[in-house]
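We begin with a single chain expressed as structure tokens, specifically the form predicted on its own.
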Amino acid sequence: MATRMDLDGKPIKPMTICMIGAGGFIGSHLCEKLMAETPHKVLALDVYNDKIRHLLEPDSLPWAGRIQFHRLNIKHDSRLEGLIKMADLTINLAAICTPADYNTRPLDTIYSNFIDALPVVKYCSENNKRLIHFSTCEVYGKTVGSFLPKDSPLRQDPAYYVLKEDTSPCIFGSIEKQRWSYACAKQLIERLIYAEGAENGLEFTIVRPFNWIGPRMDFIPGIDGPSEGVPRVLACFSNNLLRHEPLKLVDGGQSQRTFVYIKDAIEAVLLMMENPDRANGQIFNVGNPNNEVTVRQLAEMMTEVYTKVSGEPALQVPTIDVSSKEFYGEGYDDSDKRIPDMTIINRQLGWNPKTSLWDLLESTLTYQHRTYAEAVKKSMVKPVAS
């Protein structure tokens, strides 16, 4: 493998990476990228390895020996500090991050995203190890624009809704709206990491993902996840499409979101890993402002894409409206619009996303359709009568 060069033309030394949450959606894609394109070693930590099993077996794989799986839960495992000490860089992806949990399991959500992350930050700081911590675009909460009158022309002014890492405020709903338990826990761990950098010299990078989409994201309930439970919007919609059910639009599907393809986003993470001089001390939005749609538009586009990849006709009534209380339970609240400002990541790392919303939906739904069809064939799930 030819020597890799960083953005400043310096050779990149092979490193050992302690990846917490390596068995999840983002972790599995990052492990694939590291094994296929770099000489780096990965200590893969997680409670499950289903999504990276293809990288671990057999021993004849070209990267054999460069990835080791350690089955552990960071909540209560004495091996954690030793594994962080063995690595040059720790990447923490572990989190409870499905919106349905935020107001039904607020305690688990807060513990998972703040308390359980504390030892990781502590061990990195005490052992002078670099940390890349995955946060969320949810830390921004509501936009300033959402508080303006509905008919205010200022709502169209980007200054009121484009989110900037270094200037945008973090605005959450009231304490009764437990949906903000996730965002608040994530914001507090960001502040703690930032303080460790300022007071104790911790080298850190914080990543704020804006809806990363692609194969293996979330779960298809009953196949590769719990039979009950609500994953995030794209997995919810794809599950409805697979089961020939109408897509449920919460409160009319008026919220606006941007979506970025996982393979584009992983490129950004690799740049952060291999360019510490440009990434240390930075907080990076990673999203695609060009792929902005309302949730209703997303549902319409997914229905169209799924009809193409599956060859199945669309339902006569493809969507139905539901209230947020009915869908998520008491205590739900939402942000209206989340558009990432890309100035900092573009300036520091020269990164720009490439994949259009249509293309990323086609890739994701093709994967979901194939996975579901294989599960039906193996009698893991019953086919839905059409």
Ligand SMILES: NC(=O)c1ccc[n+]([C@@H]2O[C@H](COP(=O)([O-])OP(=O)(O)OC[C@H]3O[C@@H](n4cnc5c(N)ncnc54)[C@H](O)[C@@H]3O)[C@@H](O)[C@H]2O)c1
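In this text, all values refer to a predicted model and were calculated from it rather than measured experimentally. All residue numbers refer to positions in the sequence shown, first residue = 1.
The form predicted in complex with this ligand is left out here; the points below concern that form.
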**Fill in**
Partner contact check in the predicted complex: of 203-211, 189-197, 170-178, 121-129, the stretch with a heavy atom within 4.5 Å of this ligand is 203-211
**Item:** Close approach of residue 372 to this ligand in the predicted complex, 4.5 Å, heavy atom
**Value:** no
**Asked** Quick one: is residue 182 in contact with this ligand in the predicted complex, heavy atoms, 4.5 Å cut-off?
**Response** yes
**Request:** Using the partner position in the predicted complex, report whether residue 94 sits within 4.5 Å of this ligand, counting heavy atoms only.
**Result:** yes
**Request:** Spell out, yes or no, whether the shortest heavy atom distance between residue 74 and this ligand in the predicted complex is within 4.5 Å.
**Result:** yes
**Asked** Pick from 275, 136, 143, 291: which residue has any heavy atom within 4.5 angstroms of this ligand in the predicted complex?
**Response** 136
**Message:** Considering non-hydrogen atoms and a 4.5 Å limit, which listed residue (217, 110, 162, 89) is close to this ligand in the predicted complex?
**Reply:** 217
**Item:** Within 4.5 Å of this ligand in the predicted complex, all of 21, 25 and 48 (non-hydrogen atom)
**Value:** yes
